[in-house]
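Read the single chain below, which is given as structure tokens and is the form predicted on its own.
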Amino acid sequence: MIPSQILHNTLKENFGFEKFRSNQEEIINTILKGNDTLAIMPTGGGKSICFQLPALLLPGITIVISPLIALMKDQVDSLKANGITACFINSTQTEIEQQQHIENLKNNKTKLVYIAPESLSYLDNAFSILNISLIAIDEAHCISSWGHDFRPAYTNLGYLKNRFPSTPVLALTATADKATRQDISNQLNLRNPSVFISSFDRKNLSLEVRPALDRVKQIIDFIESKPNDSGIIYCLSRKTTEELAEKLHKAGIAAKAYHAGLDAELRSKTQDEFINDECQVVCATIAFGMGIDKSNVRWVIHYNLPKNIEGYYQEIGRAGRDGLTSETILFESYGDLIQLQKFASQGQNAEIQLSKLERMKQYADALSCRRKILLSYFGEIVTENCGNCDICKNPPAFFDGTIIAQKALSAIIRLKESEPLPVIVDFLRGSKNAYIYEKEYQNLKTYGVGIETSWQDWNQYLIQLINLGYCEIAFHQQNKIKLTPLAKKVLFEGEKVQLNTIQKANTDKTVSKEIKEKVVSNSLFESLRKLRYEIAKQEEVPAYVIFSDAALRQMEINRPMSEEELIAIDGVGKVKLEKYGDAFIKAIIAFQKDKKVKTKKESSTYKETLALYQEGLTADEIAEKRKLGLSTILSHFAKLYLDGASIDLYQFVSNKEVTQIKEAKIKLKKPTALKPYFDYFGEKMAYEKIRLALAIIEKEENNN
């Protein structure tokens, strides 16, 4: 048993992290004991550490079976940036290159080798010589036809356990229901595996579903409000990816299409540009998925309804892998559902896939907390609403929709339950199109009875009536809308119907422009981002391999100006400190000096805060009036207090807390950054309190 301290030291020194994430240490200990393991961890949950760290402590090599070449390259680049020897072997390399890697593995010069299941034959001749300590199978759900992304080559991997019975096998995936988990274990011949299921709750991801009304305009407005953020737009068809990318390009957005039908060289180029922050947006089919290890994807949009919750969850999980706040939007349309129903009914395991699609539809149509629905699908029950989905932020409002329901259900009867939803809407609206006149529907009694309601609203009301069970889609009969027995209660028995008020999508471009103007191009974060980009270009690796956005944000907050302070940042390990520390410390010091030159410009913002305080406004009221964060206003108070302004900081921090921080300052040898204090108090004292207390202490010391 390796002591926990050694594991933590290895984690910090080689990967730059102070703490393990949920289940990571337990999984690593299980592997080090020689046991087979099945780990279900959400995208961004830290699966890689579970095999990369034990690979450093085990005597032999670790084989990582990974489905995509691009993913292998990214992971190997990241490992090398941390000073860890790793390689990948695949068909893109020459025989000489492959042989050199194999020789390094035989001589224990390389600790990890990444290889696709189709390429395992390259190692066949070396298997009897290699000292294999661990076999890790990533994206293990690909082995099961019960799940999604089924990949036939994975079904042959069961022989590895038979060939290396004493070598622990670790199977990892982000999404797998009970049936898929059992299938993975059986097909890989895992022996009494320890099963770890981490929480699927990615709190940093906001969840939103919108009607697919003018979605291109909605998407353009959304992207323009985030000019420096990378994102992925998932589309159902190859054609849609190309059309959407072209529309975004015409709107001045750096967007490219990606799908399996494109030339391999173009796909590789597009993926590299996206990973290296040279392309802001990729419009892609699900072919653009498992190969993305980019940690700073800030948003994911689904242009179409996904086929199942597993795929949807895995795709949105590509946003915010660095733990920073990220957004997800799903556009839902009736047409998508019809198309997906058709695909599912014609595919393998049709009954299962149709059932999974129905669950996806229920999620999209939900009127309660979306995160609770998402988590319950994976067997994780939570009782409190998340507060970070569209339903929680804007709870639906209901109204008496009985008359609307009666009009719609009567129209379905008049049309003899023989038409799909679009025709019913046209009939209700009194449309004068060729189909209506060909069928002579204009002569029916209720023709045009809903002319005062927009086409889009009728479309949404009918979908609500379907969801409420008053009518249903007969998918096997050209998608005709038919009544259910419940409809009679509304039409003939006086039952009331509560409908949800339709939320109008905000497509006002002025909102986007206002937000866009708030993007601070001369912030420390942007300065560090530019430095990171320059270094990444020189080293020919993705920018996030140098440091993640999360690490840069911590640098922006803590302003580390020494190696001791910089290595305290999460994501800064020993090798990265040696390689990049000097450049980043110099950039931070230069920014601080530059900032001091601008004190006149800054003084006006402090004066404005002081004036409002002197008028009797509270910190919260000042923040609201100035449209600034409360923490910003409190930092203003600290600066003003040190400059001699009469501000009572003890309204925000107690005498006891000031004394505690004073003692901590001595014990910690007067650190200039706030994070050492934050860690010292077990993350239980807010940064704002620490900042204000230090201001009080500094003024006391100056007066003495």
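The structure presented is a predicted model; accordingly, all values stated were derived computationally and were not measured. The first residue of the sequence shown is number 1, and the count goes up from there.
What comes next is about the form predicted together with a small molecule, which does not appear here.
Proximity of Y680 to the small molecule in the predicted bound form falls outside the 4.5 Å heavy atom cutoff.
For the chain shown alone, S48 is a contact residue for the small molecule in the predicted bound form, at least one non-hydrogen atom being within 4.5 angstroms. The small molecule in the predicted bound form comes within 4.5 Å of no heavy atom belonging to R532. Under a 4.5 angstroms non-hydrogen atom cutoff, the small molecule in the predicted bound form has K19 among its neighbouring residues. Stretch-level contact analysis of 60-68, 641-649, 658-666, 37-45 against the small molecule in the predicted bound form, using heavy atoms and a 4.5 Å limit, identifies 37-45. Of the candidates E565, D183, D293, D390, D293 is the one whose heavy atoms come within 4.5 Å of the small molecule in the predicted bound form; the others do not. Between the small molecule and the residues K256, R371, R321, H141, the one pair within 4.5 Å by heavy atoms in the predicted bound form involves R321.
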